[in-house]
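Have a look below at one chain only, the form predicted alone, in structure tokens format.
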Amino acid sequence: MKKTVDVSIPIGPMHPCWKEPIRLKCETIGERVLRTEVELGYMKKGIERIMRGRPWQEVMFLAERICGICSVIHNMVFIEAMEGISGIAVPPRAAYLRVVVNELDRMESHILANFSYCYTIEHETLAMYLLNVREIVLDQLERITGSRINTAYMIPGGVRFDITEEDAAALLAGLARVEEDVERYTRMFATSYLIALRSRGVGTMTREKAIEAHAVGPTGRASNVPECDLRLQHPTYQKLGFTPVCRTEGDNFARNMVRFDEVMQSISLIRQCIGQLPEGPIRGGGACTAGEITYQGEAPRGELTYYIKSDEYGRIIDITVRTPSIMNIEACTHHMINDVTSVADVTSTFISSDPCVACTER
């Protein structure tokens, strides 16, 4: 017998828990959510259209402005795509420094995502603790690149700045502080009765549903889909012996715990890079030329894909960007939110997927 909808409840586009405007339209029977649809279009930037016809030097800066939270990976994927088109080699020292900066960016993004979740379920104490520790991570990004957010650190054939012994020591000291704090906050999150009540068994998505919806990043790995981590395919991460973090529960709790665990993994990867940092130059040189490529990288939220076509001067003729939140928002609205037992859990389940509307609408 078909269930009759009692009421349709719109959530957004303006909502205290949303970082960016988006509308969820939920159809409910009593408190149980039957179906959810997402409505986008409130902050379309048209940035892909702006990129076309411009030289790579300008597009590089535009790429990292697609998202103000995970800007480093947009810079990295665009630059590595241009290197793939042009056959430009990267010195080993620069390749390791790219991993250091990329993992710092992943850390601050994950910490901000878990802050948003804790704030959404009204655990404001833990939320503020997480926001404070994120500042330490941003300080380390600024120390290495000169900027906290839009770093423009990677260029074809290498990176802009080397790291000094003094800066490396300060970075490791900062990571030790972050590690101590995140270990404590992870225990708080894992043992809190309030968090368990609002998180365990809520917004569950099975491995099969995650694969069907092409969920990526921590959202997919919380449903035991380790193969969605594209760092497995990156040559520098392969040298570091990288293995993905996974959980099997597939609920709100698991998605946040994967991000906590990945923060600790990022600290380990950065320490490994600093400990094994090869001697040598940080720039190999080379010119961007004509070509066409589809290139992918692992953003904090998951699979980030750039399709690029350039001319002989390195000018971008065509470009298309597919961001991870495109897949994760669909997975969330059609598999996680549907059948939650309370409308109050809609916002927390949506936030648990770490949606980025700026990336999605580009």
Partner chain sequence: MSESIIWYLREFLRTEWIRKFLLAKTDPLVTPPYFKDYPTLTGKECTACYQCMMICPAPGAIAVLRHDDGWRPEIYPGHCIRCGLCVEACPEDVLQSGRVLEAQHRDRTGFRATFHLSIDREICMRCGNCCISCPVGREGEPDGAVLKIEKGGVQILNSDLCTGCKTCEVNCPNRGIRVARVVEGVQEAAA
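Numbering follows the first chain given and starts at 1. The structure displayed is predicted, hence computed values, not measured ones.
Quick note: we don't show the form predicted together with the partner chain, though the next part is all about it.
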property	result
Interface segment, criterion being heavy atoms within 4.5 Å of the partner chain in the model of the complex, picked from 75 to 83, 180 to 188, 199 to 207, 223 to 231	180 to 188
In the model of the complex, Tyr307 touching the partner chain (heavy atom, 4.5 Å)	no
Contact of His335 with the partner chain in the model of the complex (heavy atom, 4.5 Å)	no
Heavy atom of Tyr237 within 4.5 Å of the partner chain in the model of the complex	no
Arg271: touches the partner chain in the model of the complex, heavy atom cutoff 4.5 angstroms	no
Contact check for Glu142, Thr145 and Gly285 against the partner chain in the model of the complex, heavy atom at 4.5 Å	yes
Answer option from Val99, Met257, Ala213, Ile155, heavy atom within 4.5 Å of the partner chain in the model of the complex	Ile155
Proximity to the partner chain in the model of the complex, single hit among Glu58, Glu330, Asp318, Glu31 (heavy atom within 4.5 Å)	Glu58
Any residue of 159 to 180 that, in the model of the complex, places a heavy atom within 4.5 Å of the partner chain	Arg160, Phe161, Asp162, Thr164, Asp167
